[in-house]
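Single chain ahead, written as structure tokens, the form predicted alone.
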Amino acid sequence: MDGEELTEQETALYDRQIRVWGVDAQRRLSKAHILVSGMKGTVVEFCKNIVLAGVGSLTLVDSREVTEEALSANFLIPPDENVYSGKTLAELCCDSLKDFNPMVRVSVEKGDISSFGGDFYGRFDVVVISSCSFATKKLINEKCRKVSKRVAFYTVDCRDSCGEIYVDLQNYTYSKKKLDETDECQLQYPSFEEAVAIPWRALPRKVTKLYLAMRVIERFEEAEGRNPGEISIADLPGVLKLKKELCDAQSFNESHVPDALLERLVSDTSEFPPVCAILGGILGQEVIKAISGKGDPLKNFFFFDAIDGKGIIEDISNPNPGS
């Protein structure tokens, strides 16, 4: 990305953004290649934001067909059934996103996201995945980590009025302004597998209950062979049983994972559009930070719950990685 200047057309189009975050950040953004998988409401919000910001290219992966649930939160799908009939979600979203900013190259990659090799992920600077299983998150994160260059990895999930973002920037260096000086800062991120493997009793004392509830739901879907979101209130007894087993195995107090919160997460797994907008905005902001190398990035989980309107950052890392 270094050494390539913005064209006159790019400078004119992104003039306001350049005034906010500088020409160097815009130049890096305009040369960045982003891969996105899982075209649900939150991801769609992110794609809109990042395309308007002026990334170099955006590649979409999602071979699913349009469903009634998708129509409720995905504003990129045309309202006319004759238009979207026979097309995948990725193809439909691609067509719509091209209209947002013709200067951004938007394309579709066909196939199963988990089947692509490391060379495929090496083509991108940022990988964002959603609507995939616990095992798939771990697999793709590991593939990104094996690429010779640093690939920023994100997962994002929205269940009803709750949402989660996970960030892995590996060994990340960024600049931070302090008064008239600019400091170089460095962060070491754990992989997704390393983060979720940390015993619950070793977590920060006031860790958000949403982190724990999300892990229970994730493990339940994995144990039952379900796709993300394929869960209902009828599964609540099984989810509560698994919660008890996980807490007993880790000598962890069950009251830290409220039954009422788990009931909310299984009662309605569809996305709440206002929460999609918030998560998509936060994710877009974080990806721009990671590409530009400017500003404090999230480390490494972000949670939002519309019930209390709070956004919470949780650093779920092993304090003694060498032990």
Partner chain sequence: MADSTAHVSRSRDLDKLLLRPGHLVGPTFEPGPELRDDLRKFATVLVVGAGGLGCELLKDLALSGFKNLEVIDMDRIEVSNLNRQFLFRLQDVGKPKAEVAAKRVMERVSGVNIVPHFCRIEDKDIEFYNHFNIIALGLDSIEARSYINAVACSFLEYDSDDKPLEETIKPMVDGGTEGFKGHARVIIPGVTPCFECTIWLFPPQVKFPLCTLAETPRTAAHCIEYAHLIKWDEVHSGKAFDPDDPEHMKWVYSEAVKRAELFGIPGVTYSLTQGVVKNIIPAIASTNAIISAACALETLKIVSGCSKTLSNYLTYNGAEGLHTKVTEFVKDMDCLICGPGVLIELDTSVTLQKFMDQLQEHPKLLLSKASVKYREKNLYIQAPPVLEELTRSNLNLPLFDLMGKIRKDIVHVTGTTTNNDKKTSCLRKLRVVFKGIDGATDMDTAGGA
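Keep in mind the model is a prediction, meaning the values are calculated, not measured. Positions refer to the first chain, counted from 1.
Another form, the form predicted together with its partner chain, is not on view; read the next lines as being about it.
4.5 Å heavy atom contact, residue 45 and its partner chain in the predicted complex
Looking in the predicted complex, residue contacts with its partner chain include residue 45, since a heavy atom lies within 4.5 Å.
4.5 Å heavy atom contact, residue 160 to its partner chain in the predicted complex
Yes, residue 160 lies within 4.5 Å of its partner chain in the predicted complex.
So in the predicted complex, does residue 176 come within 4.5 Å of its partner chain, heavy atom to heavy atom?
Result yes; residue 176 sits at the interface with its partner chain in the predicted complex.
At 4.5 Å between heavy atoms, is residue 268 in contact with its partner chain in the predicted complex?
Yes - in the predicted complex, heavy atoms of residue 268 and its partner chain come within 4.5 Å of each other.
Can you pick the stretch from 199 to 207, 118 to 126, 70 to 78, 145 to 153 whose heavy atoms fall within 4.5 Å of its partner chain in the predicted complex?
Stretch with heavy atoms near the partner: 70 to 78.
Joint contact, 281, 296 and 304 to its partner chain in the predicted complex, by non-hydrogen atom at 4.5 Å:
Checking in the predicted complex: 281, 296 and 304 are all within 4.5 Å of its partner chain.
Within 86 to 122, which residues come within 4.5 Å of its partner chain in the predicted complex, counting heavy atoms only?
Sequence-ordered list: 96, 99, 100.
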